Structures are given as C-alpha cells and as structure tokens.
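Before any questions on binding or motion, here is one chain by itself as structure tokens, the form predicted alone.
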Amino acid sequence: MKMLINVPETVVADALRGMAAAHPDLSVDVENRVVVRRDAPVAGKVGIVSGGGSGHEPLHGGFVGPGMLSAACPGEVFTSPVPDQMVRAAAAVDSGSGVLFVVKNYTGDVLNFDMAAELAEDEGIQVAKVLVHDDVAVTDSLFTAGRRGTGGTLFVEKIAGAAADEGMPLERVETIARQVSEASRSFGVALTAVSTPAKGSPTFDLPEGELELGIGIHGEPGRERRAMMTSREIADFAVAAILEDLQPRGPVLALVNGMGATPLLELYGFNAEVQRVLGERGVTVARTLVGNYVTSLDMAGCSVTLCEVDDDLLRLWDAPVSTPALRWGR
C-alpha cells in the first residue's frame, strides 16, 4: 500500500505538527497529544472534551473550536488516548464551570476516560461523562460491550458545544448531550478494507465484488457480507435498519458520512437515495450534512446517521460553529 507518510511511528505526531501550522487558532501540544482551542479556558463556560484513536479525522481534533469542542485527545491509530492526555485537556479548558467528557463506546476509551475523570476530580475539576453508542448494526462487537459509538458523536459534540457556548451549566449541558446521544442511530457500509500505517496492508479480507453491511470504524465485522449492491439498495438497507430501531416521530438531522476514500460525487448520489427512502417513510429531514467527518483511514464506504430533534436541539445545531472541519454562522 502507498501512503503519504514518513514512518508509521511518527504518523500522529507529524499530522499534529501539520494541524498546528494550518490552524493557528488552535493550541496543539504535539508531545502530549492534546488539541485545545487557543482562547481556553473561557470564563463561565463548560469545557467539552472528547478524543479517541487517530485515523478517524476530522474526528476529533478537527471539531475543536468555538461552538463545538474545547479540546481533543488523539490516541495512536485506532488506539484510545491515555488518561494523562484527558486530564491535561480537562485542566486546560476548565474555567471552574466543569468539563463534559464525550466518549465513544469502545472499551479502551471508556476505561481511560473513566480513569481520567477520577484523576481530574482529584485535582478539583468537576467532570461529567456522556457515552455515545449509536451504531445499530451489531451489539457487543470486538471492541465494545454494547453498541459502538460512530457518527452520532458529531451530533453530540456540536449540540453540546453550542449549549456550553451559551453559558448553560454542566448539568444542563450533560442532559442535552445525553438526549442527543439517545436520539442518534447509525449504520455503516464498507466497500473496501482499511489499511493502517503499521500494517501497511488491508486489515481484513473483503473480496472484489463484495461489501460488508454494518461495518465499524476500525474495520470490525458487520451484520453480513453480500455481493456488491447499488447505491439505491444500500440506502434502502441502511435506512431501514436505522428506522427500525429509532422510529422517529419528529424531524431528524441526517449525516451522510464518507469512510475516508469515498468521493463526494458518490456521497452526494448516495445522499439522494437516503433522502428518497426517508421521504418514502414519511420522515422529515430538518438538516443534512454530507462529507467525510467520521472516517476510517482509507476505507471506501459510507455511513448514515439520523438524530431526532426538537426545536431546541435544532436551534443548537444551527448555532454558529468555527472549527477546522465544521464552520457556519460566523
């Protein structure tokens, strides 16, 4: 496999150095692996901290900035960050109003964020945690107890970030983040396997002419493997799986997400099919986001995430945001 890297051992540090050069409004600690909005801590504002293994960019570092995350902790590729990173991030963004940890449901992330919360509280930082577990494809996968955390993370981080920027107290921000997490469902599809820098070749076998339905963002197995399907057929399958579980009564936010190697031409075409299915099912789409946001390195494929919203959540979604990867209203 050809990769635009120096050596696998420095790929995360090199990326962080490049991020620092591209985004002077961020404070990037390459050695300690913490990305912080440069104006943190903001007086009277709850800090929002998230993180996870690298390889899912722009998640999470690309979502640091006004209106979204206060800080992010990038781990090694597909590996949880360590508690020390999370404690540093919490200390950097805590204004005395507390810190919310947004945690994807992967065993390493959950254990390390739990430990970090205890350490941060020992230092006098009030911490709340919200778990994201939106993937309807499988339960109890290779990396999780329960459902995986995937595209719903973006909705939680954006809406909780807007609530924090409005000056809401920690308890209220936590409640809103949990509401968004519980209202979000995702389903992903892989057209090709993912290749990590350390391995340099595909991490699992996905033969030509086949796809994996319900794949995880680390290449975990899904529900089933089938012969290649059309965009229309994939949308029918993915949206049906989500709606069977979510059963929304109100409008939804829709994220049509690329897994890293899928061109926007294909994603927009797939979005047309997703919108068709939702229209046929009588689901009102309030807002749509299309692009590569929660990726898996070089995997070709896509995921769909729906989040049922009320007027308050929609207002927070629409609130201004200014991050490297998500920006509107400013």
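Because the structure is a prediction, the values reported are computed rather than measured. Residue positions are given as counts along the sequence shown, with the first one as 1.
Same protein, other form: the form predicted together with another copy of the chain, not shown, and the subject of what follows.
Taking the partner from the other structure, another copy of the chain in the predicted bound form has no heavy atom within 4.5 Å of any heavy atom of P248. Put simply, R315 is far from another copy of the chain in the predicted bound form: not one heavy atom of it is within 4.5 Å.
Heavy atoms of G55 reach within 4.5 Å of another copy of the chain in the predicted bound form, making it an interface residue. Proximity of R232 to another copy of the chain in the predicted bound form: non-hydrogen atoms within 4.5 Å are present. Interface residues of 151 to 166, taken as those with a heavy atom within 4.5 Å of another copy of the chain in the predicted bound form (partner not displayed), are absent.
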